Each structure stands twice: as C-alpha cells, then as structure tokens.
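First, one chain by itself in structure tokens, the form predicted alone.
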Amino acid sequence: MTKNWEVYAFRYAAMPERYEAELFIGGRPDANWGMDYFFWMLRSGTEVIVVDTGANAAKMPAKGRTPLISIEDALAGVGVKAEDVSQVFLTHAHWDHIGNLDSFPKAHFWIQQAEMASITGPDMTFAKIRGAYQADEVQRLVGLVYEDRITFLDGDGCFADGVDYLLMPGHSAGQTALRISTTSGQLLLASDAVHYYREAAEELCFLAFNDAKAMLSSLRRCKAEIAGDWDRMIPGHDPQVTWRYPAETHLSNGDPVALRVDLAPIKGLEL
C-alpha cells in the first residue's frame, strides 16, 4: 500500500503589493496580485521531508519582501525541530528557496543536476538569469557537495514511497515539482513551476525564466497532472493558498502560518 503524507505549506514572508506587470509579460500595471512566500513539509508518522528552505530574512527587506516568521519557528509550531531534520528536497535554487540551508545541520539535500549545472555554468553569464540567485547561497550548495551532503537527481523519479519528483524546467533549468500521495488523493506541489493558479489557467509567461518555451510547456504538464482539478495543485506563491486551506498555526495577528494543503480547501478558488 502506498504511503500517504500530510502536506504543509508554511507562509514565512509576504509582498502585499506585487503588480501583474511585475510578474508576467504583457501584465497590467494596475492589477495587484500580491505575493506570498512558502516553504513546505511532508510528514508521514515520524518521517519528515522539508521542501525548500525559504529566503534569508536579512535579504528580504531590501528586495521589498516582509519576513513574517523564521523557518525554525514555523517548523517548531508543528512540533518539528529544524536541527533534527534529515531530508531536505530543493525544488530549485532561486534565492527565496535556498536561503536557510544551514538551518538544517543534519540534513541531506537533493536537487536536480540540471539546476546545479545551470547555476555554476555559462547560464550565469546572463545577468537576467543570474539575478534570481545569490552567489553566497550557490557557493554554499557547492560546499554541500564537498561535505557529501547533496544528491543530484536526473529528470523524473521516485523520492520516497508516495512521493515522486517531476522535472518541470523553464522557470529555472532544474525546476522540480512533487507528486504526493495523501489520504484525499494525489497532490501536485508545483513549487515555482506554477507561481499562481491563474498563471497556469491562462498560460501566462512569468518574467523570471531560464527558458520561456520550456516554462510554458511545464505549465501545460502541471495542468495535465491535475486533470482539471485545481484543488489538487499547490502553486508556489499564490496568496490564495494562504486563505484557502485550514491552518494549524497562526501569527500573533491571526494570519495563518502552517497550512494543511492536503486537506479540503475551506474557501473557493478565484480564477
């Protein structure tokens, strides 16, 4: 029998004003979409897999983002100590996804080999592509190689019982999604293969990309994976995720932090 997983999305930062023209080619300058920032966790019994490590809090204000809670405190809210986590899956290496690698001192990391080749090779001679990465964080990933704490993946495969990884290139060379078995069926954790539900529904072209055609093709693959059931996909930055799913923990002002995205939504989707 396939193992089922609880799936958490942790809202760790926000950018309340993020306009469509700043997100998509041909976007409207007066349409505010906002942007929420998440990392994720899968849990089955005592087994825990953290997915991405969020952005470094010190770097966020200069980039217009507001940090809301530390990675460590977000995990502690659901009974997990970051220092004890042994498995961290990296969907890609943009600055808002690998900013806290050292918060997981006992962890082994996984990332697509295409991503590592991109961030340490000729792709980084293009300022437009390089801008989504931070040199010190890429250097830390290289350090993990020399510490024997990172494994490279190639394409699609099985990460754990009930967890498959799917290469969805375009936003970055090694952008990866996870297909996860839950008690309510399979869930596609798209990460930044899909930033917003509407992006996939309308096949909008996000402004940060490694390969635009591949990125749009990955949007189509994500839609094919969910076969029209939008409740079975979790995009990487859509504020609708924050308000659609039941929360187990909250900030002091009542805003949700730990969202159970494997459970049925409590609010409808706006497309």
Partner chain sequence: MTKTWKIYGIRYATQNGRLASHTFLWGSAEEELAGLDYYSWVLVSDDRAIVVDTGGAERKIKGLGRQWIASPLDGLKELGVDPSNVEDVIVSHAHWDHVGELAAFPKARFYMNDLEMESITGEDMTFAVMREAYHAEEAQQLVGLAYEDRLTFLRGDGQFADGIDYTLIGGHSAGQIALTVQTDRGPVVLATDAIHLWEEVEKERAFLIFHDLRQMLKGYRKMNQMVAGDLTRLLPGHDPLIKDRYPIVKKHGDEPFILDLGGVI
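Positions refer to the first chain, counted from 1. Predicted model, so just to flag it, every value in this text is computed and none were measured.
A second form of this protein, the form predicted together with the partner chain, is not displayed here; the remarks below concern that form.
Enquirer: Given the stretches 130-138, 191-199, 175-183, 71-79, which is the single one in contact with the partner chain in the model of the complex, using a heavy atom cutoff of 4.5 Å?
Expert: Result for this chain: 130-138.
Enquirer: Test of understanding: in the model of the complex, would residue 116 fall inside 4.5 Å of the partner chain by heavy atoms?
Expert: Judged by the heavy-atom cut-off of 4.5 Å, residue 116 is in contact with the partner chain in the model of the complex.
Enquirer: Since only the chain is shown here, I'm wondering whether residue 120 would be in contact with the partner chain in the model of the complex (any heavy atom pair within 4.5 Å).
Expert: Yes.
Enquirer: Would residue 155 count as touching the partner chain in the model of the complex under a 4.5 Å heavy atom rule?
Expert: Residue 155: no, not in contact with the partner chain in the model of the complex.
Enquirer: Would residue 167 show up as a contact with the partner chain in the model of the complex if we use heavy atoms at 4.5 Å?
Expert: Contact check for residue 167: no, nothing within 4.5 Å of the partner chain in the model of the complex.
Enquirer: Which residue among 101, 187, 150, 85 has a heavy atom within 4.5 angstroms of the partner chain in the model of the complex?
Expert: So the residue touching the partner chain in the model of the complex, by this definition, is 150.
Enquirer: Relative to the partner chain in the model of the complex, which residues of 141-171 have a heavy atom no more than 4.5 Å away?
Expert: Contacts from 141-171: 142, 143, 145, 146, 148, 150, 152.
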